[in-house]
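Take a look at this single chain, the form predicted on its own, given in structure tokens.
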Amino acid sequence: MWRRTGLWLSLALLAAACSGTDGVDSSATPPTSAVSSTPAPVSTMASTTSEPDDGSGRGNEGFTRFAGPPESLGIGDNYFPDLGNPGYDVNHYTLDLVFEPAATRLGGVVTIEATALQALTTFNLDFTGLTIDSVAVDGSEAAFELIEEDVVISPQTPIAQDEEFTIDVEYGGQPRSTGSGAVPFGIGWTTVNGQNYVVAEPDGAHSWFPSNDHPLDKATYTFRINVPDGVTAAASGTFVEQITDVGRSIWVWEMRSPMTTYLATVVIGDFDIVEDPAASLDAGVAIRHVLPAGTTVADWPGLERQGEMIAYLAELFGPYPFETYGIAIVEGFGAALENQTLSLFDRNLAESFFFEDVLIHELAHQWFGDSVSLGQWSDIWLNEGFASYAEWLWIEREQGRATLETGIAVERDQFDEAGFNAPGVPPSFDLFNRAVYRVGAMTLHALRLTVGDDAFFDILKAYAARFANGSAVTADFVALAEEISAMELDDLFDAWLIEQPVPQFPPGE
């Protein structure tokens, strides 16, 4: 995600690097953290290490998950204790949606194919905001009860451990954005000027479809979106077909790689789906965008470089992890979000002079945040620090290493003076604060200076490959960095992620 506060900070700091003026208010009061005042060093943080992805699309198998009873409200996240559910693993979501734009009315059925991780007499789905009409398990009607933001389901027949089963939930209502304790703006389904889209990070997915709403449970998806003729309906993944029937169209999209719930999106309204053959050739990946109707790639300067950017990041991080990529440009968002294969951009960002910075940031998330997802939301620096460092790598490519080093040094000094929380312990109520992005990126630069370029980029490629289609926590990344560099790095990561003030950069090789 690219938030406006972080954006303007980075611009001010960039100006400071050129002019010598301050870009951060050094008198700012640091926010009070909602987490422990004595955080554990990274060497003792719990690991959710998985087996390397075998190409089966089930890279999240083997993760340490909450071991409580299946009726527990929460999968065990330390910042979102009620989010997600233990007891089962979702394999696939099929969302059969009917949307009426004139009434902003959503209805349909979500079909969830899952595997029981233990014997189940009841189990939960995360859900809030809309009305459930019926629930069936393996084709038989099931009793259900709404408790807080969970649907507690009681199938007619108990489900045995390792058994595969199917849940069908018919639901509907008027979708709208919902609040989150982690960000100061609404998330979920958004309707602005006839455009409809979903922004769900971190905990808004279950406001528009019943789900196991935590990054530890990733699944593949089918979207079937039924809308009136003349309305475009796009979704995460690859376009399959458009089925027309008596004034209606069903747009079918498939996400064939595992995806966490908050990265699933739909975009509905007056849009064109625009392919970019030249960028696709550069990237070796099909690139398609969802643009305001009547516009083309040429109308959004910088967008034509998307294929070049993919090719560059693939050199640094390894192959692009999905079948396709592109962005959707919408109104009223005020930020950007790395929805898997279809990043969402506010129109004002797409028209700004820093559009390329945001493009590279959200693109980098496809590796770090989307393919390799979080095991715990407290480790958000693994997403935002990596994407922010990709911005710096693009600056290095375009302007040289000396420009990069100068800019980073200025930012380090100003963040040290500002007194933000360390990026490894972000406040739960301000999860996407500036230090998570920028000091998180500085942590990676300190690692690069310590281990050298060859080892550093080997670490990034190995991290992207080993945890592809799965999830990881900070301890996983630290262990991998130590393995590849043959160095003891706990002190470095503790200093940058946990302690304050911001450390000085090491001298490098």
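A residue's number is simply how far along the shown sequence it sits, counting from 1. Values in this document were obtained by computation on a predicted structure and should not be read as measured data.
Not pictured, yet referred to below: the form predicted together with a small molecule.
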Legend entry - Contact label in the model of the complex: residue 185 to the small molecule, heavy atom within 4.5 Å: yes
Legend entry - Any non-hydrogen atom of residue 218 within 4.5 angstroms of the small molecule in the model of the complex: no
Legend entry - 4.5 Å heavy atom contact, residue 362 to the small molecule in the model of the complex: yes
Legend entry - Close approach of residue 381 to the small molecule in the model of the complex, 4.5 Å, heavy atom: no
Legend entry - Answer range among 354-362, 160-168, 307-315, 77-85 for contact with the small molecule, defined in the model of the complex as heavy atoms within 4.5 Å: 354-362
Inset, instruction - Have a look at 127, 253, 432, 93 for me and say which one sits with a heavy atom within 4.5 Å of the small molecule in the model of the complex. - result: 432
Legend entry - One residue of 372, 279, 336, 290 in contact with the small molecule, assessed in the model of the complex (non-hydrogen atom, 4.5 angstroms): 336
